[in-house]
Structures are given as structure tokens and as C-alpha cells.
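Okay, here we've got a single chain as C-alpha cells, the form predicted on its own, with questions on binding and movement later.
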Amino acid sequence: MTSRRPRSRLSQVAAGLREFYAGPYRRTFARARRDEDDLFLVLVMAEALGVPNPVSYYTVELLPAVYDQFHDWHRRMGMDRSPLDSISCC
């Protein structure tokens, strides 16, 4: 039991330092991550959106992984319905 104490204190200090440095920028980090996720989704869905994609052979394997994010993406982009006929998420 005594061997866990220093580790838990160390993890508490690490959590405190993470909160101190990253806390004020949490919203900025979340926005940057969302923008990167949106760009990745558009790259994967490019062929379905009508944009020629030279790497569509590789991105077609990722389509099942992004189907769950597609609904949130088109709602965030201001589209009430799915812009694709092949994907009817709502």
C-alpha cells in the first residue's frame, strides 16, 4: 500500500499540471480537434460528395468508421438532411 502512495501523488501532480497548462486552452484544443476531424471526414467522403479522390481505394475502407460521425458533421455544417442519397442517417 505504501508503494502506491508516491505514484498516486505523482499522478495528482501530473493532473494538476495538465489542468494548469491545458485548462485555459481547452476550448481551442477542442475546436482544433473538431476541425481536423471534419477535414478527415471530408477527405474520406470526398468521392461520395462528388470530388475526385485519387486515394479512394484506400479511403473506402474507412467509410464504416466515419458513418457515425457523418450525421454530426452535416448538422454542424448547417444541413438539416443528409446531402447524400446513399447515406440516410436522419
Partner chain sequence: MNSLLLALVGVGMILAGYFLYSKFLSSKIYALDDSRPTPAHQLQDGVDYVPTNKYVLWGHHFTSVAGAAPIVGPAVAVIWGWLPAFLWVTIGTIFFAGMHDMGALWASIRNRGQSIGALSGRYIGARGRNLFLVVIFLLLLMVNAAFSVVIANLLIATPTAVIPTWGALVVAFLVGQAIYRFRWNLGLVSVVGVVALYALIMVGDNVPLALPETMMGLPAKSVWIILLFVYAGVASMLPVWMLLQPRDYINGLQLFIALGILYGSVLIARPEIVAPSFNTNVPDGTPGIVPLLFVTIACGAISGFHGMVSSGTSSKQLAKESDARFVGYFGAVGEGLLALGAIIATTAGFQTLADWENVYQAFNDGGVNAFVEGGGNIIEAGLGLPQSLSATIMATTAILFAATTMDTGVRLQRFVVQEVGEIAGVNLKKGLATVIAVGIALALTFGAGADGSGGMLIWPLFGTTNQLMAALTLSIVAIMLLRRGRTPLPALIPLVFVGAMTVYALFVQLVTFYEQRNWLLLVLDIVILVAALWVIVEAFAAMRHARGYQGDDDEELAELAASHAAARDGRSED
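Keep in mind the model is a prediction, meaning the values are calculated, not measured. Numbering follows the first chain given and starts at 1.
Unshown form predicted together with its partner chain; subsequent notes refer to it.
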Heavy atom of Asp72 within 4.5 Å of its partner chain in the predicted complex: no
Taking any heavy atom pair closer than or equal to 4.5 Å as contact, tell me whether Gly23 reaches its partner chain in the predicted complex. yes
Taking heavy atoms and a 4.5 Å cut-off, does Cys90 contact its partner chain in the predicted complex? yes
Would Tyr58 count as touching its partner chain in the predicted complex under a 4.5 Å heavy atom rule? no
Across 16-53, the residues having a non-hydrogen atom within 4.5 Å of its partner chain in the predicted complex turn out to be Gly16, Leu17, Arg18, Glu19, Phe20, Tyr21, Ala22, Gly23, Pro24, Tyr25, Arg26, Arg27, Thr28, Phe29, Ala30
